[in-house]
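Given next, in C-alpha cells, is a single chain: the form predicted alone.
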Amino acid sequence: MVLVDIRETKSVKASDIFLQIRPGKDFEVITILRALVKEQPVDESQVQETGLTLEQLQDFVDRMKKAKFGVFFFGMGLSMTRGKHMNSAALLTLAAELNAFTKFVAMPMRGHGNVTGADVIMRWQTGYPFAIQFGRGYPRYNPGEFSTVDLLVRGDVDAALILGADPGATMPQPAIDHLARIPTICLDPKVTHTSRLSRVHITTAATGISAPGTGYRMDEVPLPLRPALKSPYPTDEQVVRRIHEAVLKKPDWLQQGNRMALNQV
C-alpha cells in the first residue's frame, strides 16, 4: 500500500510507503508518473517542485507495473484542490495507461452515504455522472463549468435545493458563503452545517432506517434498504414529489399576477 498525501495522516501507519508531496502539486505528480510509465524523459527540476525525487516516482511506477491488480483510491483531496476535475481526469488516464502492462482501476472514496448512487442514476438517465446542466431542456456535461462548486463560487446560482448532502461542511468557503446569501432549502433527517445556513430545513425520514430505498456501495453494487423503524417525517422522495406537484399547479396569486400583467400590456 502506497499512500500519497500532503501530510501524515492516520493511514500512514497502515501503509508500506508514504510519499509526501507539496500542496497543489497533484496534477504535476500524476503527469510525471504518466511520462515514466511510457518511459519518456522527465525534467528533474520539475520533479523537485513536487517534493519527491525521481527515484521515488520511478520506484512507484515499477511497483505499479509489476502488480497483478492495482487500485487507485482517491478522494476530495484530489478533486477539490488546485486542478479539481483535471486531477481526477489525469488519474483516470494514468489507470487506463497502466492497463497496457497490468490490471488497474480507479475508485473515488465517497464522503457521504450513497453518493455513488447519485452518479449511477445520473449516468443511467443522462449518460453523465455529475456536472450536468438541464437549462436547455436536455443534459449538458462540463466539469468545471456546471459543477456545483464552480457554480456556487462564481455566483451563478440564485437558489439551491440540497438533498441528502452537507455541502456546508465540505465545500470551499466562497461556495458556502454564496449558499448563505441565496434561498437555500435543505432536506435532511438531522441538523447539519448546511441546514443551519438554509432558509428552509425540511426534516425527513432517515433512508435505510425509517425510509426504504436503494443504496450503492462505492463499487456500484446496489443494496436494497428496508426500514427498521417508523418515522413521523416524510421521505425525501415524498417531499420532492409534493414540491413537483405544487410547481405544476400554478397558485391563484400567480395566475392573477399573470392576468394583470397581460392586461397592462
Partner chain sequence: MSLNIVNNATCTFCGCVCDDIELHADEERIIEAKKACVLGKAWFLNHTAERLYPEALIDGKEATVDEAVEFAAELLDAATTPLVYGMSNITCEAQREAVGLAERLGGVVDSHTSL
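Numbering follows the first chain given and starts at 1. As the structure is a prediction and not an experimental result, all values here were calculated from the model.
Keep in mind that the form predicted together with the partner chain is not shown, yet the notes after this line are about it.
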Legend entry - Whether Thr9, Val12 and Ala169 all lie within 4.5 angstroms of the partner chain in the predicted complex by heavy atom: no
Legend entry - Ala90, Leu98, Ala160, Ile176 - the one with a heavy atom within 4.5 Å of the partner chain in the predicted complex: Ala160
Inset, instruction - Select from the listed residues His112, Arg82, His193, Arg181 the one whose heavy atoms reach within 4.5 Å of the partner chain in the predicted complex. - result: His112
Inset, instruction - Please run the contact check for Lys66 against the partner chain in the predicted complex: heavy atoms, 4.5 angstroms, yes or no? - result: no
Legend entry - the partner chain contact in the predicted complex: Phe72, any heavy atom under 4.5 Å: no
Inset, instruction - Look up in the predicted complex whether Asp62 has a non-hydrogen atom within 4.5 angstroms of the partner chain, and give yes or no. - result: no
Legend entry - Thr214: touches the partner chain in the predicted complex, heavy atom cutoff 4.5 angstroms: yes
Inset, instruction - Enumerate the residues of 135-162 that have a non-hydrogen atom within 4.5 Å of the partner chain in the predicted complex, in sequence order, or give none. - result: Gly135, Phe146, Ser147, Thr148, Val149, Leu151, Leu152, Asp156, Val157, Asp158, Ala159, Ala160, Leu161, Ile162
